[in-house]
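In structure tokens, one chain follows: the form predicted alone.
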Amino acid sequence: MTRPVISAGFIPLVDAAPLIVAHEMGFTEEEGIRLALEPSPSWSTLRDKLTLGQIEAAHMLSPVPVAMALGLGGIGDRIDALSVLSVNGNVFGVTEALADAMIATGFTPDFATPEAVGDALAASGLDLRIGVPFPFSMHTELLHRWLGTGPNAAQLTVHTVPPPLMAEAIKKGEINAFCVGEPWGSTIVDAGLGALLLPGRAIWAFAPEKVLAARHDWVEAQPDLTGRLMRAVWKAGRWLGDTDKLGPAADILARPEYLGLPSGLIERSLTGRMVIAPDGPARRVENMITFFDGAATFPWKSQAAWIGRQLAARYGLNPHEAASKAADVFRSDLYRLHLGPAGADMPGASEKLEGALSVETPVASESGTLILGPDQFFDGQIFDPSLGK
């Protein structure tokens, strides 16, 4: 019997792992489908291929479906976020010269404290030229949330650089700082071109980084295939949630058709054992990247609303309308429909206070056993989707 083929695009990043593992470990076969995985050189290319119907699904930046729903980026077609593929996984770093200038102010890197890093950046007196992978990305949202106000606001200049080209942009002097998904930050360190100052989770402890995206019209026309795809990718995320699987996962991702990088480098990102400077110590980062635990795969409408509010503030849009439109494209309804029968533990609500949890907290769920992890913002503020604050 011929299995239906679903074409899916990805960028060579560690957080593409759920799609790649779904294909390589047989989870797509369990669901009676095949994945045709297609790498893309940039997020704009991947987005355009998805909206033009050249592929049916994609590993996608979480703010992209929201931005498209708000009419930003010049493309009005709707894409849906079917599930979250990964939480966290970004790093912020600077060139060796900027790191030295910060240390000269008395700064001691600890890979944990956004306030101290922000103060040292301001004290260095240097203008920031920060590389990010795409204007509509969690990298951009985290930077604006962290550095978009206060003494660094006037210094903040953001350049779009595809993740694999970030090191080259540093060599050319185009940027002196970067926020990028792993393992590309670690490749910059290993090349002696820069130092890592923060993991993304230090700014927001539970940031939805990538989503499983599909065109809305395809989702509506193919409910059965949508469900099969979602279940296969969810099973892959569950597999990746087992720490014993991270070594084999690194070996898979290292293959030339995926990331084409040393498996040891990739495993550092997966396990959170981060080397932060060419001659510096390793740092252990809890939840450096998360694929399953703490309802990591659930597309919370409150997270989408937060992204919508952020974009509305920068682009002069109605904040209430932006939050509502954003929530619509995070498809918690389809998640419940297709993954509940597969065994996914469903939270009792589809939105929550964002930034309210400082410790692991049991919450209402169908099984009664769901525990959410810390999700604080670095400054302690809380986003209430019902109030839009």
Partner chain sequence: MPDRLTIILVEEDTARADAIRASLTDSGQHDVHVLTGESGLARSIAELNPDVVLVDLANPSRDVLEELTLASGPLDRPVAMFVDKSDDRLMRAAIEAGVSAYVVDGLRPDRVKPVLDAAIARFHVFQRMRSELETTRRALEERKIIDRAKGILMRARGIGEDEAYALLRKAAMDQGKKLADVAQALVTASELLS
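Residue numbers count along the first chain shown, from 1. All values reported here derive from a predicted model rather than from experimental measurement.
This next part talks about the form predicted together with its partner chain, which is not shown.
The chain is drawn here without its partner chain; in the predicted bound form, the stretch among 317-325, 344-352, 330-338, 44-52 whose residues come within 4.5 Å of it by any heavy atom is 44-52. Its partner chain is not shown here, but in the predicted bound form it comes within 4.5 Å of a heavy atom of P133.
Taking the partner from the other structure, its partner chain in the predicted bound form has a heavy atom within 4.5 Å of a heavy atom of H159. With a 4.5 Å cutoff on heavy atoms, D100 does not count as touching its partner chain in the predicted bound form; it lies far away.
Interface residue remark: A116 is not counted as part of the site for its partner chain in the predicted bound form, having no heavy atom within 4.5 Å. Interface residue among D190, D251, E174, D224 relative to its partner chain in the predicted bound form, by the heavy atom within 4.5 Å criterion: E174. Of the residues D242, E168, E286, D293, just one reaches its partner chain in the predicted bound form with a heavy atom at 4.5 Å or closer; this is E168.
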